[in-house]
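Two forms, one chain: they're shown below as structure tokens, one block per form, named structure 1 and structure 2.
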Structure 1
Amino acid sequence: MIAFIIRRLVILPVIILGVTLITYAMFSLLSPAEQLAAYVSSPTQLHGGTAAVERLIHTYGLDRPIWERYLNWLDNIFHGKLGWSTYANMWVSQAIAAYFPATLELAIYSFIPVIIVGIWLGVLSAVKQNTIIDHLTRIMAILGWGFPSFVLAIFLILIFFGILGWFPPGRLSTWADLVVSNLTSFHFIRYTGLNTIDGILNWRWDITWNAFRHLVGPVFTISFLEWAILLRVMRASMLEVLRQDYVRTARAKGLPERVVIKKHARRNALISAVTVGGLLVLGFFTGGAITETVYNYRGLGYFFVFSATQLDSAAIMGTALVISGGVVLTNLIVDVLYAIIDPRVRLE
């Protein structure tokens, strides 16, 4: 197992280098003036007219061959210099650090129901094939698969906020945001950046409850759409496994059906579910941008979308690198889970 993980870690630098090459290749399509924000060391450098811009282009080598520009940009990245975000009016690294906890909190609360419900219903649907339970779960999966996320989000806002007033959009109510931002007499300490957790750690249960109410809408929107994918994959994988000889042998030996399903069938069917699960995790950080925008939930996806609309090249590049790093890390975790679930993977 250790050797398997080491082999995967050895190729990580090559993958990361490839990611930076592709990212910069797209970035280089911009004009030198548009690329400046990713290089400057002070936002004041961006002011001063055309003559100042021309001097900066020459200073940062943006008039040199592309391979020299790439090495220069790569040197900045290794030193943590992602440039200045004109949209957020702060350093890109600071903006990512400020917006990321919101997306992480949304991803954590969305991941739990997606994995639990998706795998459980997928197994149940396969075991109860062609019964009323199977038909109902497949109908729900089709609805979840085909329903646009922004349409579902708008309907939920209209019903649960506009009519019932239960689950408002945004991340916090105005009064709670003032407390969290330390604009009131109460001293609120930001331990993690996750409002529900920080509320508990500060003994402010009203903040935790308020943050939870704001999470219900986007969590339900993401979960309803994503668990349908996992259900369909898990059901198909389980049906294939249940027809295998070793499952029939286990039943012939007189093992209880729950043991056959849990020990022999479900574990082998999880390989496909793990693959899809890894893609879903990435979807929480990338595909969640639409949900974050509709709900005015200011996370990393929200930041990425509005940076793109403002042609904020430094913010786009920095966020793309973070998301790409998440892809690489998720793939590593998925590979390790393969080896844990199926020991034959390690031998290969």
Structure 2
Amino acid sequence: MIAFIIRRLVILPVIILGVTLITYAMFSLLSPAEQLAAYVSSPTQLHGGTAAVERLIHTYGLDRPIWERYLNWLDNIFHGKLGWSTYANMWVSQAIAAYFPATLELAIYSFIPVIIVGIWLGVLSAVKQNTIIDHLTRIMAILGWGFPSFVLAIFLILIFFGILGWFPPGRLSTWADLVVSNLTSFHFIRYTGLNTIDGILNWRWDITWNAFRHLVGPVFTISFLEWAILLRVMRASMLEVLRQDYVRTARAKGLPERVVIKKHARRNALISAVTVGGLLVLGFFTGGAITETVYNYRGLGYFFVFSATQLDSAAIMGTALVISGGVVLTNLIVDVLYAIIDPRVRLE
């Protein structure tokens, strides 16, 4: 058990180093002058024309061989210097810290429906295999799996904002945004950065309500795309478990079907559902980036996409590193969890 975890921890730095290597390799496709944009923090530094650019290229070592540049950059990264974001007009680390709570809030609220609905429908679909319920669930899963997130988001905005006027895009309405950023007479304290929770803590229920209304659209979009993953795995593993001998034994000793399903089958099927945890997080970042962009929901994904379209290289690399760090961390947690739940894995 311990050995397994240690082995995982040993691989971890290798993977993180590999990700930085890939990221920097992609970055080095740019010319030195373009790369410079990731180092320069104000336009005044560029005063002086070509000579100044040449000098800066030399100062930042951009004319050195690639491995030397990579090591320099790596050194900066480990000291927390991710560079200057021209798009956000602040340091990349500041920008990420500013945008992160929004994405975290989205993630928390998206995972609740995904897990509940995914597990419930997966079990239902397996128990009633090849009935109309199973077919409908599978169609829904395929739809969720295949629906391009940007199309779904636009359809939802058209229906729930355009026609019904319930769930507006954005993160907060203008008046609420003013309150939250302390531009009104009300003294709003940011405890967590999550609007829904800060609203309650400041006893401003109208802010919480407003934040929830803005969250419904993106949350629904992301979870609709995500629960297909969980549902498919849950259905497959449930089908396998239901054919095991211990389930037959449970039935044979006369247990009611409800107990057999809930206590004997579902619990064991849940073990392999843990493995998709990493996939879900991966899907969240992918779907989240698009969803945030379409909904104008200012989170990490939104920041990433907009810096990518404007070639804000420092921001692109910084955000990509943070995202892959999140993925690596989740995979680690999932692996360890899996090893704790399922003793067979440890013997690998």
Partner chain sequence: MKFIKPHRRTHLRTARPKPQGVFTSRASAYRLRQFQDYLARRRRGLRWLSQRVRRSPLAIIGLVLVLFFSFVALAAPWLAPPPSGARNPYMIPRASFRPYPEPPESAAWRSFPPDWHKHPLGLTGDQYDIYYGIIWGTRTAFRVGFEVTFSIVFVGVLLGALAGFFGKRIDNLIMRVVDIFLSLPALIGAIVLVSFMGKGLNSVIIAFIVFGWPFYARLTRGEVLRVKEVDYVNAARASGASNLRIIFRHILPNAISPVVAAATLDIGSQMVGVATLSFLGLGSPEGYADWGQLASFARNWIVGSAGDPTQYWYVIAFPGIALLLFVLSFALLGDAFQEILDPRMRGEGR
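Keep in mind it's a predicted model, so treat the numbers as computed, not measured. FYI, numbering is relative to structure 1, first residue = 1. We call the rigid core whatever largest set of C-alpha positions still superposes within 1.5 Å between the two forms.
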Of the two forms shown alone, the one predicted alone: 1
Exceeds or equals 2 Å, Cα of residue 133 between the two structures, core fit: yes
Core-aligned CA displacement of residue 97 at least 2 Å between the two structures: no
After fitting the core, residue 251 CA displacement of 2 Å or more between the two structures: yes
